[in-house]
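Take a look at this one chain, the form predicted on its own, written out in structure tokens.
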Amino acid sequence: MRLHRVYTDQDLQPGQEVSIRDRSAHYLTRVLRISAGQPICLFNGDGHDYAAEIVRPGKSRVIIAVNSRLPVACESKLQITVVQAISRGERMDQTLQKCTELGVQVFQPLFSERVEVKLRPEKLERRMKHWQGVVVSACEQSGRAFVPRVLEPVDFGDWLNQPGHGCRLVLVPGARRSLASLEIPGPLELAIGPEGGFSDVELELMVSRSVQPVSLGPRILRTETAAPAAVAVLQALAGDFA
């Protein structure tokens, strides 16, 4: 029987009980229809899984006993930050979900010239919560015990002026150098444009700041496809696909 994994933001210690509410409680009781005594796996992003057992299920609250702490060894040795120009609705969700499954550690949403999404402060707060929920769900499914960070969106210029976290790359259709030809030097940032791509001015600015243009081949990918495809290539080159 598959052991279901559930995220909680609570501290987890063997020998203690925790109370699960809201989305996770609904998932356990209404979707999985769990019962008392059923084994389950909890994680909170600290790098461990926790073997646990259902004590008392309920519609709005589930009591779970934490039994033991388990090591998890599914994190990629590559440190990848995806700098994703914000796309609309499910497209952004798909990027976050698939890149989380593939091992990305950090997401930096980006407002570039051709981004059509507008986020006022009150809407931004809801969107950030939603994006982090997408990442958590992907961790539950993929077995990751570290939860990637989704940083608050920044303007293109602000990101470019920040110190880079390792080698900086930007996907550009037709770039002379292929992503598959790179020797991965260590931590890297991978910039992905919006539906209309980065503007010529933005690309020139990036090149002037040592952001290296790379290509994924002869076809032009959608923005929600580009990042997962590129991360998969990087993992195959120097990650954990071996």
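All of these numbers come straight from a predicted model, not from anything done at the bench. Note that residue numbering begins at 1 and tracks the sequence as displayed.
There is also a form predicted together with a small molecule; it is not shown, and the following applies to it.
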| item | value |
| --- | --- |
| Contacting member of 187, 58, 39, 217, with respect to the small molecule in the model of the complex [4.5 Å, heavy atom] | 217 |
| Interface stretch in the model of the complex with the small molecule - options 30-38, 172-180, 44-52, 60-68, non-hydrogen atom within 4.5 Å | 172-180 |
| Touches the small molecule in the model of the complex: residue 222 (any heavy atom, 4.5 Å) | yes |
| 4.5 Å heavy atom contact, residue 204 and the small molecule in the model of the complex | no |
| Contact label in the model of the complex: residue 233 to the small molecule, heavy atom within 4.5 Å | no |
| 4.5 angstroms heavy atom contact with the small molecule in the model of the complex for residue 226 | yes |
